[in-house]
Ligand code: ADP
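The chain that follows stands alone, in the form predicted alone, written as structure tokens.
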């Protein structure tokens, strides 16, 4: 009998990928297609929805052709996507009314600033959605499109238009308009979805002046989303799983229970902790969001989410702007070349400090320099700063959730740095589990799809499939770590009170 697979469509901010996953949870093939980033004005970021679709379909087709996979061998398709990015299209023709407004885009910040004048409104938004009111999320982007694209509001009120995040756009396109739906994780990122009631919220729709007819149906992450019917794609393949990228990574790391967490070391860091069926409010301005769940889950499950603004981007800065390293991998060799940082701390507050500090005016600094400091000390201090920032997030999450982490699952490009992973384990004083495959986002989408169809029986089977590349356990004493953390706290405090020179244009 021919071998069967699940395909994950991983639609990211800069590229569209298709990943082939076998029954043992192994990634057997990957195809990636970049697409164009549009910057029409400073602070504006757009994507062409049709290019997103074409790049994703091309990746799917090439994957099947290059690996000689027949349509009958595909059990199902799972989708994971860049979150919050907003698309509105015509229900009859399928034509987008404008380019997608990307999650990074800041054009709607003035709309949020208007809301911020009423503190009660901000509190209600937080209580209903678990989110901090920000242009990052979809609500103000929808409002902007309706207000600024000619005729859009009238067409929306007449029921002629459809809104979706990228997962909805792909689902609608792949099913040729048969299914207009999203999953709970993506819905929870729109700032229109009541995460406690599990429904689009009328008060929020009125606040942002958005017709309910625009919105997709919300389904569980592991459920039936129709079958493929798009020309050029094999027909009849079930679409069985959808989750936003960070929730998909949490699921792909097999974090199925309260207290389990993952940290993705990318350009920034995304740390998510599963909190079970309780939506914990954060006193540190972390985000409360819905977690992806297996199909037999009776109640909604939640997670706390926090972000480190600068992680891998700091290593790129050392390489491309300072010239201290030639490659990212060289940072590990240089860090191991010295026994410590010689008292040097790097605080990469290039765009301010995030949770739990929340200081937009803080700026980056290299502190503790003496004549004996060498480039190796600075590189080591830069790597250590990623671990310190993650420590701050973990500490905040543990306090908010009222639980202590017993281990941390890690993935992302910088997780390949063994020095960083060992130092992170030491500072947190818990083990770190790095999986053999760092494709955890794609695996999460595949797992959600395969669980729905029975390709995999249950989450216990998924846990058994997961193999760890390496387990990092603490080697430093708590006393030693506490001294380092005190130094970090002092360094952060100093970045928040730096004198500001006048900027010149």
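From a predicted model like this one, the values you see are computed outputs, not experimental measurements. Positions refer to the first chain, counted from 1.
The same protein also exists as the form predicted in complex with this ligand; that form is not shown, yet it is the one meant from here on.
* Please run the contact check for residue 412 against this ligand in the predicted complex: heavy atoms, 4.5 angstroms, yes or no? => Taking the distances in the predicted complex, the answer for residue 412 is yes, it comes within 4.5 Å of this ligand.
* Report whether the minimum heavy atom distance between residue 265 and this ligand in the predicted complex is within 4.5 Å. => Close contact exists here: in the predicted complex, residue 265 approaches this ligand to within 4.5 Å, heavy atoms only.
* To do: Flag residue 181 as yes or no: does it have a non-hydrogen atom within 4.5 angstroms of any non-hydrogen atom of this ligand in the predicted complex?
  => Judged by the heavy-atom cut-off of 4.5 Å, residue 181 is well away from this ligand in the predicted complex.
* To do: Classify residue 139 as contacting or not contacting this ligand in the predicted complex by the rule of any non-hydrogen atom within 4.5 angstroms, answering yes or no.
  => Contact with this ligand, no.
* Where, among 321-329, 373-381, 393-401, 217-225, do residues come within 4.5 Å of this ligand in the predicted complex by heavy atom distance? -> That would be 321-329.
* To do: Could you work out which of 346, 315, 187, 174 is the residue within 4.5 angstroms of this ligand in the predicted complex, going by heavy atoms?
  => So the residue touching this ligand in the predicted complex, by this definition, is 315.
* Please pick, from 417, 82, 289, 385, the one residue with any non-hydrogen atom lying within 4.5 angstroms of this ligand in the predicted complex. => That would be 417.
* To do: Within 4.5 Å of this ligand in the predicted complex, which residues of 42-72 have a heavy atom? Give them in sequence order, or say none.
  => Heavy-atom contacts within 4.5 Å come from no residue here.
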